[in-house]
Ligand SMILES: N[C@@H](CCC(=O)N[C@@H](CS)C(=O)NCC(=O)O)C(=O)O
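The form predicted on its own is given below as one chain in structure tokens.
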């Protein structure tokens, strides 16, 4: 197993989920190390001192520790489902949506999910701020099955794990909300065999344990 790239991951982390989706879709085999973020292994910290997942260590020792970079590393080698954008416009819109997700929506998602840690505003306030992005996505889905058209793209794969996390904060609210297209879109990805494959539970990796092929 030493000849495989090593992927440090945490099952429920949305950044790690979207990375596993891309790696699994590409068909590239890696050695998965499932970690506990409250007790990060020294091997992962030696690779990436910032201590966040995912982290990919290539066979030659190169370290890639941003989910977007790992996704591109995988899909640029093999993209059998054609998730990467083919046109400049789609590429720009993909990057714009992912930026909005990662740098704006995620900020309010965290505060919504952990509202007791951010008493400066109410949970309703944080949800309303997050809804700015939800409305964008709902509009995108008004005439299309997916965010950039009628085929799944990188934008869908990179964003839906975060919408999943948002929906689970208050599932009753989300299910009764105005975002009917978004609900249907999310339900499709949650039922996707690829998603369920990458969400299998793996035992926590320890340094005396063989890595698991993924």
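Values in this document were obtained by computation on a predicted structure and should not be read as measured data. Numbering follows the first chain given and starts at 1.
The following text describes the form predicted together with this ligand, which does not appear among the structures shown.
With the partner omitted from this view, the residue of 27, 51, 41, 149 that lies near this ligand in the predicted bound form is 51 [heavy atom within 4.5 Å].
Considering this ligand in the predicted bound form, the lone stretch of 180-188, 167-175, 152-160, 63-71 in range is 63-71 [heavy atom distance within 4.5 Å]. Residue contact with this ligand in the predicted bound form: residue 145 places no heavy atom within 4.5 Å of it.
Contact annotation: residue 37 falls within 4.5 Å of this ligand in the predicted bound form, judged by heavy atom distances.
Looking at residue 195, you'd find every heavy atom of it more than 4.5 angstroms from this ligand in the predicted bound form. Taking the partner from the other structure, this ligand in the predicted bound form has a heavy atom within 4.5 Å of a heavy atom of residue 15.
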